[in-house]
Each structure stands twice: as structure tokens, then as C-alpha cells.
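Shown below, as C-alpha cells, is a lone chain in the form predicted on its own; questions about how it binds or moves come after it.
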Amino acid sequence: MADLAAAMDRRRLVTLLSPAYLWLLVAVFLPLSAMLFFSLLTDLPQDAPDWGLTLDNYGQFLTNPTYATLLWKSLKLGVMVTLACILIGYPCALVLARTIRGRARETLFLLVILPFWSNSLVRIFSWAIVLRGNGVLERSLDWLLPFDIRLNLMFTTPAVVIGLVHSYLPYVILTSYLALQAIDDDIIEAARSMGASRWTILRRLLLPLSLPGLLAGAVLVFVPVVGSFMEPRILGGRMGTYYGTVIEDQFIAVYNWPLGAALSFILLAVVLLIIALASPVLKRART
């Protein structure tokens, strides 16, 4: 009887999980398999009937130092954007979770997720209008200050960072907010009753207990930023050449899909390696 019940539970579990695994198969593993196949081709089958398999596409990354330089540049960009999102997003999440209550919290929370409701290109071009020379930002500063100001932010690295932070900041705020909301208020009250200051409560209780959510938000920001191409392309101009823009060029401009696929898999491997190396540190931080 117990074996029959266990078999029924197993079948019920498989039935419930099948849609999710089917979706992962169709949306993740099949595209990745196709990209892996393209990365090993000498040419596209529809363009060259005599196509074959080769590792030369991966070899180009090793022989051409430009790709490694751009990858390192993209990794540094990912670190800068992630740190900026943490420094801005965690205090916002802390205020939302522990200070503001009622309708004010709902209104601010709505403003946090508002960027998700607009197209990414609309957000990027909006920042281009704000940051360009004689744009909204410079005109506002000229109106407020008695002297002339020329920021020259457009087509610079700070412009790219600003656009990326605006796009990915909600991830850090949302994950940190959920982690802070899960902390029992009785723990905070017990610390206050024992004479702990606000700084001590933040450093010894809130930050360690909410660290898993903060780290999850950091990963959600770092991984897509390293391979981003729209913000660097539009806001960075000539300074916006990164690893992601080179991959886009291989698919769109050069029409060299095998090399673009190989560069994409190298980026995926590097990101997974960084996460694997950082996982012991992340586990220690959680405990």
C-alpha cells in the first residue's frame, strides 16, 4: 500500500513538473544547443554547401587579444554597475521594508517597478535626450546655476553606467526588499530592548539576514550587464565598444554567426566560472 502511494505521488510530481521542464527544454536548452552547433561550424550551411566542423572560432579568441581586452572591459563594467545598483538599491529597499508603511510604500514600490513597464529602447533613448549636449540635464543646470556648465556625459562610460543602472536597479531593490520583509520584527525589537543602536542593528542583523537577497540581486544584475549591447551602443558611441557589442556585430553586421556563437559561449563560460569561484564566498556570507 505504501509503495502504491509512493508511486502515485511520484507520478503526480512528474505531472506537475513536466510543463516547467518542457519549457526549459524549449526555451533554454534547444537554443543553447543550436548556438553550440553554430559555434563549431566553418560557415553557415545555407551559405556554403561544403561546411564542416572546426574549433577555429574559439581559437580566434585566443589569437586576437582584442576580444580578451573587450571581455575584461565588459567585466569591469559589470562590476561597476553591480556596485552602483547595490549602493543605491539596498538603502531604497531598507527604507521600503522597514520605514515606510501603507499607501506610501505601495506608491514607491510602483515607481520602482515602473521601468519594467516600458520598452528598453524607450528608456535608453530617453537617457540620450537627458544626457546629450545642450540636453535636458544641461539646460536644467544652466537654469539653476548662474554659470555655464558643460557636462559632456553623452558617449562616455558614465553615460553607459547610468543607463544600465536605471535598467537593472529594480532587481536589487526587489530581491533585497523581499529578504528584508522576511526578517521577523521581534528580532529587531529584541535588539532595541538590549540597547543596540540603529547602526548596530543594520550591521549585525539586517545586513547579514538580508544578504542572500542582496547577493541574488547582484547576480541578476552582473550576468546580463556583462553581455549588454544596447546601452553601450546608443549611450557610449565610440566609447561603447564592449564584448556584447562585438557579438552583436558578428550576428547583425558581419554575418559571421559561427564566430558570434563562439564568443557568446566563451562569455557564458567566463560568467559561470566567476559564479563558481565566488560560490564558496557567497555560501560563507549566507551562513
Partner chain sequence: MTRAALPLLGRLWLALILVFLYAPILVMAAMSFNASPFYQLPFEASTVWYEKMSANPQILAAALRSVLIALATTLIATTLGTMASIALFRYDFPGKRVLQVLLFPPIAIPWLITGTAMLIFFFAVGIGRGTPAVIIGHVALALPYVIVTVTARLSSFDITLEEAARSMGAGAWTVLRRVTLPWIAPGVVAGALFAFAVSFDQFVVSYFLSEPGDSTLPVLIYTAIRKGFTPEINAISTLIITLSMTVMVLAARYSRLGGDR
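As the structure is a prediction and not an experimental result, all values here were calculated from the model. Positions refer to the first chain, counted from 1. We call the rigid core the largest set of C-alpha positions that still match within 1.5 Å between the two forms.
Although not depicted, the form predicted in complex with its partner chain is the subject of the following passage.
Checked against its partner chain in the model of the complex, the residues A48, L55, A27, A68 give one hit for a heavy atom within 4.5 Å, which is A27. Within 4.5 Å of some heavy atom of its partner chain in the model of the complex lies at least one heavy atom of V95. For E106, a non-hydrogen atom is located within 4.5 Å of its partner chain in the model of the complex, even though that partner is not displayed. Using a 4.5 Å cutoff between non-hydrogen atoms, F38 counts as a contact of its partner chain in the model of the complex. Remark: L17 counts among the residues lining its partner chain in the model of the complex, judged by a heavy atom distance of 4.5 Å or less. Residues of 221-258 that come within 4.5 Å of its partner chain in the model of the complex, judged by any heavy atom, are V223, P224, G227, F229, M230, R233, I234, G244, I247, E248, F251, I252, W257 in sequence order. Comparing the forms between this form and the one not shown, the C-alpha position of L55 differs by less than 2 angstroms, with the core used for superposition. In the core-superposed comparison between this form and the one not shown, M239 has its Cα shifted by less than 2 Å.
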